[in-house]
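First, one chain by itself: the form predicted on its own, in structure tokens.
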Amino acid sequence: MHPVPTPPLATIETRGLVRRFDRQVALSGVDLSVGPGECLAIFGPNGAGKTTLLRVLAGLLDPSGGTASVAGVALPGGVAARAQVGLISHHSMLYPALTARENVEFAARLHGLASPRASAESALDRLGVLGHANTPVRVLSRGLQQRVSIARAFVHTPRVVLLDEPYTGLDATGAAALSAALEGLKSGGAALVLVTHHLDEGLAIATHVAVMRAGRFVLHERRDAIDPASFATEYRAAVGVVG
């Protein structure tokens, strides 16, 4: 009799996760589990709690209740948790006076990589911006800045990748480079959580899909159980949009 294989431990996990801001409840009992090589795409209207969830998972906000962990580290986990996470936002959060290489190399040094410059150049090359390595980011276009920001988030090959509207400002070339990089991270065993308003974009890379409304999941399914042709209607119903 063959032994039953043990499923891989979740890289990202929350149980009954709550986050309050004074009397406002931003997260209300969120349960999720994302394993190695999986991507959870989260959709929902503005104010649903999506960005707050990412900020808790990134270690930038403390949970008000429940539990959360990334890469086996209970949150808030300080430096140990942040070392495992790459966070990509629609805000570039770059140092405008530094070059593209200097921004990414600085992140590589913070993560203690053995060859910061080589790691920075490799990350820039993956996003198709190595040709702008010596350019101060303040003179780069919005789309190129976003690609440098993504390279910085990927430079340490994180086990957990959190993405908040990462395709904002990217042209077709940048979007394709990002999608290829995300698929590469998934293949390497990273766990991804992607927040986006674009249904097609999220469904293209997701292994699991969730819809948030008022701080909780109102839909949570495997991607292969979702029919893309009818998902827009299902989404509108889940968030209470009529018509």
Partner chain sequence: MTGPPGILAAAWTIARKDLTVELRTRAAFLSAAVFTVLAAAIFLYTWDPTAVAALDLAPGVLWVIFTFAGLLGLNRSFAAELADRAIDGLLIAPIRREAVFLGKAFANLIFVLGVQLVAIPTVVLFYNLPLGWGAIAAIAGIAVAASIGLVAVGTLFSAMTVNTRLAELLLPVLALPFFLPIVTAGAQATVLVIDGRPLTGALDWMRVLVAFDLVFVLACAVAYPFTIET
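These numbers come from a predicted model, not from an experiment. Numbering follows the first chain given and starts at 1.
Separately, the form predicted together with its partner chain exists; it is not shown, and the next lines address it.
Visitor: Identify which of L140, V129, L75, L87 has a heavy atom within 4.5 Å of its partner chain in the model of the complex; exactly one of them does.
Guide: Filtering the options by heavy-atom distance leaves L87.
Visitor: Consider the chain as shown here, without its partner, and state which of A206, A58, L182, V211 has a heavy atom within 4.5 Å of its partner chain in the model of the complex.
Guide: It is A58 that has a heavy atom within 4.5 Å of the partner.
Visitor: Check whether D171 has any heavy atom within 4.5 Å of a heavy atom of its partner chain in the model of the complex, and answer yes or no.
Guide: Taking the distances in the model of the complex, the answer for D171 is no, it never comes within 4.5 Å of its partner chain.
Visitor: Check whether R101 has any heavy atom within 4.5 Å of a heavy atom of its partner chain in the model of the complex, and answer yes or no.
Guide: Heavy-atom contact with its partner chain at 4.5 Å: absent for R101.
Visitor: Answer for F106 alone: is it within 4.5 Å of its partner chain in the model of the complex, judged on heavy atom distances?
Guide: Yes, F106 lies within 4.5 Å of its partner chain in the model of the complex.
Visitor: Mark D200 yes when one of its heavy atoms lies within 4.5 Å of a heavy atom of its partner chain in the model of the complex, and no otherwise.
Guide: Looking in the model of the complex, residue contacts with its partner chain do not include D200, since no heavy atom lies within 4.5 Å.
Visitor: For the chain shown here without its partner, which stretch in 23-31, 39-47, 60-68, 187-195 has non-hydrogen atoms within 4.5 angstroms of its partner chain in the model of the complex?
Guide: One stretch meets the cut-off, namely 60-68.
Visitor: Which residues within 116-143 place at least one heavy atom within 4.5 Å of its partner chain in the model of the complex?
Guide: Sequence-ordered list is empty.
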